[in-house]
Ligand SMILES: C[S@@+](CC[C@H](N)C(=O)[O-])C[C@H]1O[C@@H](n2cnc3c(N)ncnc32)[C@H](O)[C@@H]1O
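One chain follows as structure tokens, the form predicted on its own.
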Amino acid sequence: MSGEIPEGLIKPEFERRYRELLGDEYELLLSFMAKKPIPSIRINPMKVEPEWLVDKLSEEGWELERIPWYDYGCRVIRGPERLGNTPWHQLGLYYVQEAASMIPPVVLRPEPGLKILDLAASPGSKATQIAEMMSFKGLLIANDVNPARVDALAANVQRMGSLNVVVTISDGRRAPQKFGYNVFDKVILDAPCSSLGEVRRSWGALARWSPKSVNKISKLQVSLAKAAYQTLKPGGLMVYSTCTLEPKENEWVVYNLVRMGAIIEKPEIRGLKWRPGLEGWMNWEFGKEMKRTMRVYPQDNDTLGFYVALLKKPT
């Protein structure tokens, strides 16, 4: 990727929508989209003493900067060009994971002994993070629909030593029939999306973007989110997240869960700049409670873009 978005890649409708959404910050968003993201890693505290590994990597010339919102996350200011090729990575002592991707598990607050579902888990970054936060105690079902992606998920679960994870292959839209209704203490759905938040990694998401594609994937997200919510116990917590900035894929999906009775909780997370979700967009009204959901723009923390919502199922 170059330092500028290629001419003609931004469609007129994209510019119209995001100028309306961000106003004077639109150009700032584009400038961050054009920059490569800072690489980051998540240290596995179940396999290695984090401070030991940080010291060891520093001795070998790495320059690390702690990520405020996750104790075991580090930005790699300087280090090997291919972080996935080191012995430390192959041994599962760390996972190469973008800093914003660590946010949804932190918001979910998994605890040892719980029964948790990760409905769209591949390639396993959040699933293995959740397993570590559970101290490998309890049960985490890591599910995905695509057999090829499940292979990557299973490989990462094994490499990270995530002993409490069961990997399954199933269409997430049939989660209640597969896993049961009202059975999980906590559920996370990091939904497939248009990936606009990942433009810093690849221009592909901008090239593929269109209102038609957004509407199509939004329908899938609503179906997955409703199914995930149905597997959640009364009183349980669910995180819905995406790596896109599209309201139809974010607030609109959460609005559909609210219509099912879900209550939006305000997340607790330190050291992260985030903005309230949208109360409305274009001709849609989502409701004031949507302000308790999180919009994380690339320019806010120098990360990828993300959206995160924490929901509670009433007892």
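All values reported here derive from a predicted model rather than from experimental measurement. The first residue of the shown sequence is 1; numbering continues from there.
This next part talks about the form predicted in complex with this ligand, which is not shown.
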*Even though this ligand is not shown here, does residue 230 get within 4.5 Å of it in the model of the complex, heavy atoms only?*
no
*Going by a heavy atom distance of 4.5 Å, is residue 192 a contact of this ligand in the model of the complex?*
yes
*Would you please decide whether residue 170 lies within 4.5 angstroms of this ligand in the model of the complex, comparing each non-hydrogen atom pair?*
yes
*Examine residue 236 and determine whether its closest non-hydrogen atom to this ligand in the model of the complex is within 4.5 angstroms.*
no
_For the interface check, one of 205-213, 176-184, 115-123, 134-142 should have non-hydrogen atoms within 4.5 Å of this ligand in the model of the complex; which one?_
115-123
_Taking a heavy atom within 4.5 Å as contact, would all three of 149, 220 and 224 count as contacting this ligand in the model of the complex?_
yes
